[in-house]
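Quick setup: one chain, the form predicted on its own, written in structure tokens, and binding and motion questions come after.
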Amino acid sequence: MSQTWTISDLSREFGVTPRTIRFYEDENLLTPAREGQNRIYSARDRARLAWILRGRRVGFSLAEITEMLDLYDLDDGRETQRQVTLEKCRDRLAALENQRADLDATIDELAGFCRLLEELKAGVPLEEIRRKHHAKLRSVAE
């Protein structure tokens, strides 16, 4: 007999609530068998849950995850699924790298503003602050 899991088993293993797992069932991403009131999850359900949770962690939408999972069922040795997933991963990576660059620029600007305010608080003459910051701006522009 193949291995099966209960909702509690998967909940513990993946660190999610049973409600989360039921949500993915409602979205037709998981299709457990039923034994009375109990849900019985197959190895396929377990693998799909792992895929869903990884996709969510890296920022894929539920629609994107659904698309990638649905491609598993094509009869092409998973080639299409791998190609589409790779393209989506590369796109997501590029978006995250752009976000990081934006965050780095914002952090640098905020840190500079904090330094300016600290100098003003410390009583550094305004003319000296202007000269220092003007020199920094000039060096960046050159």
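Not measured: the values here are computed from a predicted model. All residue numbers refer to positions in the sequence shown, first residue = 1.
Beyond what is shown, the protein has a form predicted in complex with the DNA; the following relates to that form.
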Point to revise | 4.5 Å heavy atom contact, R46 to the DNA in the predicted bound form | key: no
Point to revise | Close approach of R57 to the DNA in the predicted bound form, 4.5 Å, heavy atom | key: no
Review point. Taking heavy atoms and a 4.5 Å cut-off, does A95 contact the DNA in the predicted bound form?
Key: no
Check your understanding: Heavy atom to heavy atom, is T31 within 4.5 Å of the DNA in the predicted bound form?
Key -> no
Review point. Does the DNA come within 4.5 Å of a heavy atom in each of W51, T85 and C89 in the predicted bound form?
Key: no
Check your understanding: What residues of 4 to 34, in sequence order, lie within 4.5 Å of the DNA in the predicted bound form by heavy atom?
Key -> T6, I7, S8, T17, R19, T20, R22, F23, Y24, R34
